[in-house]
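Listed next as structure tokens is one chain, alone, in the form predicted on its own.
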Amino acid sequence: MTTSQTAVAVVTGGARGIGQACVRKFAALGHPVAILDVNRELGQALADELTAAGVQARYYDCDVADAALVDSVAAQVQQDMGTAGVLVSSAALIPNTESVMDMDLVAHDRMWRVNYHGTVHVCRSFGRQMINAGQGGCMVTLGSINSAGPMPLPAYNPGKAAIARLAQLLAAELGRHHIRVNSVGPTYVMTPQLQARIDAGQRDLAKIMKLHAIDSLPTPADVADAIAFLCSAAARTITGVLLPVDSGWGASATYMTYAGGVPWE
């Protein structure tokens, strides 16, 4: 299914980062946009900015970890703006390195409730809306390079693997309703939040870049472009995939760390 440019685009985690870039991308393509986030200040400011520019945009206060609240917000979006035709599930918490033996279990459970269960909640609520409308639609979930291999992030890492598999399950289940479901797998994305972690010494940029095939990280806009592609006519027969947006990380991570060195060094 390819959605029309008049279809409502719903973006969770839409107030900043990749989510905000997706809101701006779909607004630029002519979609009305519903911005779901827990950050009321940033979300409302973005909605006001887009509305002033002539875009139909609304902010909805929504913690995706709360299934009943997500159902209520989905119904409100439909009443206010119409049936969702695009869903981007990008709301997520991001941790620092820790071990399974020493991790904070309360924080672990909260991350699963937001990152994985939150994705399930929004896909169910807006998916049912799409099914009932009978007009098809597109969903894109936010996976990661964490979907493909182990990293010392014992809540985030398995959660991202689960999100990629969830997209496959949903693709198989919803295809008969002309709803396509895909996931994107970004590497480290150069957001203000990542830059702050680099500045604080929580991330080593040189170490990060050594594992990539090309010498620049994607920006939120790069990820939004990939998501818009997956919702476009050019991707009308693509469903159930994890599309890497990873500057070649998947191709080069083991290559660049080979014990014998790389040929040009």
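The first residue of the shown sequence is 1; numbering continues from there. None of the values given here were measured: they were computed from a predicted structure.
In what follows, reference is made to the form predicted together with a small molecule, a form of this protein that is not presented.
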Legend entry - Full three-residue contact with the small molecule in the predicted bound form, heavy atom 4.5 Å, for 160, 188 and 191: yes
Inset, instruction - Spell out, yes or no, whether the shortest heavy atom distance between residue 87 and the small molecule in the predicted bound form is within 4.5 Å. - result: no
Inset, instruction - Indicate whether residue 17 is a 4.5 Å heavy atom neighbour of the small molecule in the predicted bound form. - result: yes
Inset, instruction - Although the small molecule is absent from this view, report whether residue 144 comes within 4.5 Å of it in the predicted bound form, heavy atoms only. - result: yes
Legend entry - Contact flag, residue 38 vs the small molecule in the predicted bound form, heavy atom cut 4.5 Å: yes
Inset, instruction - Identify which of 77, 114, 123, 179 has a heavy atom within 4.5 Å of the small molecule in the predicted bound form; exactly one of them does. - result: 114
Legend entry - 172, 107, 94, 100 - the one with a heavy atom within 4.5 Å of the small molecule in the predicted bound form: 94
Legend entry - Listed range touching the small molecule, judged in the predicted bound form by heavy atoms within 4.5 Å, from 128 to 136, 79 to 87, 164 to 172, 191 to 199: 191 to 199
